[in-house]
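Below, in structure tokens: the form predicted alone, a single chain.
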Amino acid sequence: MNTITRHYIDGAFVEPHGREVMDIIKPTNGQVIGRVTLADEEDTRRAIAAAKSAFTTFGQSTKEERTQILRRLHEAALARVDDLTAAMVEEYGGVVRFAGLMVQSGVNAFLATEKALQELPLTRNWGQTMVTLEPVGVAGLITAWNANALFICLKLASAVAAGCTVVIKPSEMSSLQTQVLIEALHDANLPKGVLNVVTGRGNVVGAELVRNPDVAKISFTGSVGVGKSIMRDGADTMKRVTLELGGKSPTILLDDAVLDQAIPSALVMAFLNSGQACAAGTRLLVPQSRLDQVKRAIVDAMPSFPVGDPADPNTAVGPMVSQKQYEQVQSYIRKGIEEGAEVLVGGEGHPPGFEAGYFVKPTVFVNVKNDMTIAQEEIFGPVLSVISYDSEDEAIRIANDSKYGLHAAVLGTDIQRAHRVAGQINAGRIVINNMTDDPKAPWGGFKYSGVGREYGQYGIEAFLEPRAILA
């Protein structure tokens, strides 16, 4: 049994003022594996005060000093990669092959951000004008449970690179992962007060960060509903915000696609992180003329996406994070059936042999219309909607017929054509043929998928304000 009672404030692990204790549940069997004492408003205010005090010095630090800190953070986190991956598998149910990639991406964010900082000019001059990019101040970083270590590392790297001090509110559902990560980052020996971490509920700790006038910036990853409330409530103190919210990402399969390559790629994107990913490609748009071929190809490919123990490297789909999430996915599967979509594979209930825990059947619907609930709302589970189209223009129209615009994919053999189609999709990031990544490329969404961008220079600039001095 893991018992977590301390938070990280002003360079030290401290006992909280908050008294609420929450159980940590293992999603593979629903058993309690730990308990965490949650922070309250008093703990949050203490962390903000530490960050505010530290900013008076750290906000004046040089680019060279910040790059050295980013290097130390990378080395410290790197030493605990295996522990972080194991915690993600146990506490969250992330399949080990994906969890390892997410943790490594988070650790590598420190090095990628260091390079981006070195290439980013913080002073620009023309004529008698000088413009400097200044850190905004204390930043509140609020992270989600589906890739907690990645989000913490990414946001922290960008904020530190900009010269900001931070108060992190990680998801309370990721307390074991957070504990391992903060123990690691403590070894980087940051100046006291630069990094503060208080684990608590969003309506307690998160709300205090949003309303507190000493917090200048909020960077949030999570739901659209919470993102809206941050924008609304943060306006009272003129908060700068970066919001990375939901997605209902389209994957356009062009008529020249080779199906034995394209369909496995589409399913990888659909079942990414067991479907609990904002970038998951949960709408597959296919030519009507090839629909029957696609259906056969999906059925043939599904054995390569087995449900199972997330610690098994052969497992592709693990459990949902909680009973609540399991029930939400089940309700969407029922809704799809009620609205007339056809279940090609999967369906309601637990997969055979996995009645314990929060496992669901990877489900693919066909005969889906884009105005159906399962095609418009983010399910956050391994549920794919196959939608047919008659022309390339119609495919683009369907892809853009969504309130979201975070991620998209185009699958086809004619790369020039794929680029042309990608250029007409309203999404913040679009991949061609594979789920590729580039740590320099911006990450964020159009429309309801958010405000602002993360990664690389774009992520650092989100924590900076330009100041002009004219002689």
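This one's a predicted model, so the numbers in the text were calculated from it and none came from an experiment. Numbering starts at 1 and runs along the sequence shown.
Beyond what is shown, the protein has a form predicted in complex with a small molecule; the following relates to that form.
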Heavy atom of residue 169 within 4.5 Å of the small molecule in the predicted complex: yes
Although the small molecule is absent from this view, report whether residue 323 comes within 4.5 Å of it in the predicted complex, heavy atoms only. no
Is residue 229 close to the small molecule in the predicted complex, meaning a heavy atom pair under 4.5 Å apart or at it? yes
Considering non-hydrogen atoms and a 4.5 Å limit, does the small molecule approach residue 237 in the predicted complex? no
Residues in which of 229 to 237, 350 to 358, 252 to 260, 382 to 390 have heavy atoms within 4.5 Å of the small molecule in the predicted complex? 229 to 237
Going by heavy atom distances of 4.5 angstroms or less, which of 101, 207, 111, 311 would be at the interface with the small molecule in the predicted complex? 207
In the predicted complex, the one of 107, 84, 142, 284 near the small molecule [non-hydrogen atom within 4.5 angstroms]: 142
